[in-house]
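In the block that follows, a single chain appears as structure tokens, in the form predicted alone.
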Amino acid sequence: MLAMNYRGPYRVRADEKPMPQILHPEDAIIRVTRSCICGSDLHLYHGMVPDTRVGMTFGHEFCGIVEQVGPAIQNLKVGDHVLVPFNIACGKCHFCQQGLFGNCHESNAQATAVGGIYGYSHTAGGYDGGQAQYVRVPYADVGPTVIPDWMDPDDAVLLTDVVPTGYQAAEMGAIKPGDTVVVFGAGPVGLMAARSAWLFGAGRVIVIDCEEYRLEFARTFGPAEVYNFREIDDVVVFLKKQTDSLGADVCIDAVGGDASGNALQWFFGTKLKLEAGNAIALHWAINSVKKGGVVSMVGVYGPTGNMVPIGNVVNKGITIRANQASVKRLLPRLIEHIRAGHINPKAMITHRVPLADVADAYHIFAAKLDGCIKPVLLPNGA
């Protein structure tokens, strides 16, 4: 089968790889119909996530047709068109029982933090992902969800990560009616966080980024006030002035370790990799939120330490909430939001690229070329 093949930082290609096999009675084999490149895939692509091994297939956002099921599978049948949450979750462990499907204790049993994630390094279990023609899906009675007949598959594939992650970012912000919400990052997750903030009652939404085409998209998709941080002398001072010198009620870090905007953070976190990435967006969030406010984190950082102003967290009485999105928990609500027209995920898709051209797709997305917001990979024959 054709699959994306990681060859080292900034180097990916499409190669022939062996077909996946049923390895456990609860496995299923999915023929992929759509797979996305996520902003967090760029952390892998840039060599910022430990134990990302040559030969791995990325891709944690995909949907497809059930081709084969293990003997223990009861909820799926061959021919079902399913969306597959990026969390690999057993559904039975202590954390899954609490709805924390992103922290499953079985799918990544040697980890003390994140659960298993498709195509996201051996730090997240070492599972091959969905940027391929076929993929093995463990615990297939738990994660995969049959796509409703009325739903556009382009919407469905974005329900595997981007939509629930942005929605949970707003949910974790504990937004109250009339709150001012600042979202750092105008990528797909930041766009969904901005859109979702309104669903929770926000009175004002501000998006900060440095790419004009993304900011213009956020202006209408959010809708949101947008500001380019490269045109601002001091982001924190600017946001304080925008909020009666108090600060925002809620700040959302939707960027993570691939941020830009601070030379020192870039040098230690991105260039030397002595930190888990460039944490400037988290700095801005902590310092821009009001006293007693909430910082919500969904941006991806590596497992090592970061330089963050933890003293300000204490002295301002800030609440920080963070996690990988629990996709399975959120899906019923998000499906209803799409049906009702409250959200339109597929509007973010700007590029559809054959899987054979995956190297070009990564370059376009990583370099922010051609107005790329969200690329979708289409396997041959899909």
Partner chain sequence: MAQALVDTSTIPGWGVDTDPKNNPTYPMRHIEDQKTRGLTWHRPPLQEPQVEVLQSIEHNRLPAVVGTSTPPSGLSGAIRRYAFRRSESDWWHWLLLMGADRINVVEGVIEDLAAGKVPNVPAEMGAKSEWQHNKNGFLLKAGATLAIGAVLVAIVQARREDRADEDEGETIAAEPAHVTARVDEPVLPADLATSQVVPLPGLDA
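Positions refer to the first chain, counted from 1. Computed from a predicted structure; not experimentally measured.
From this point on, the text means the form predicted in complex with the partner chain, which you will not see here.
Of the listed positions (100, 151, 210, 76), a single one reaches within 4.5 angstroms of the partner chain by any non-hydrogen atom in the model of the complex, namely 100. No residue in the set 239, 308 and 315 has a non-hydrogen atom no more than 4.5 Å from the partner chain in the model of the complex. In the model of the complex, at least one heavy atom of residue 94 sits within 4.5 Å of a heavy atom of the partner chain. Taking the partner from the other structure, the partner chain in the model of the complex has a heavy atom within 4.5 Å of a heavy atom of residue 125. The closest non-hydrogen atom of residue 81 lies beyond 4.5 Å of the partner chain in the model of the complex. Put simply, residue 141 is far from the partner chain in the model of the complex: not one heavy atom of it is within 4.5 Å.
Of the candidate stretches 184-192, 211-219, 157-165, 248-256, only 211-219 contains residues with a heavy atom within 4.5 Å of the partner chain in the model of the complex. Residues 90, 92, 93, 94, 97, 98, 100, 105, 106, 107, 108, 109, 110, 111, 112, 113 are the ones in 90-120 with at least one heavy atom within 4.5 Å of the partner chain in the model of the complex, listed in sequence order.
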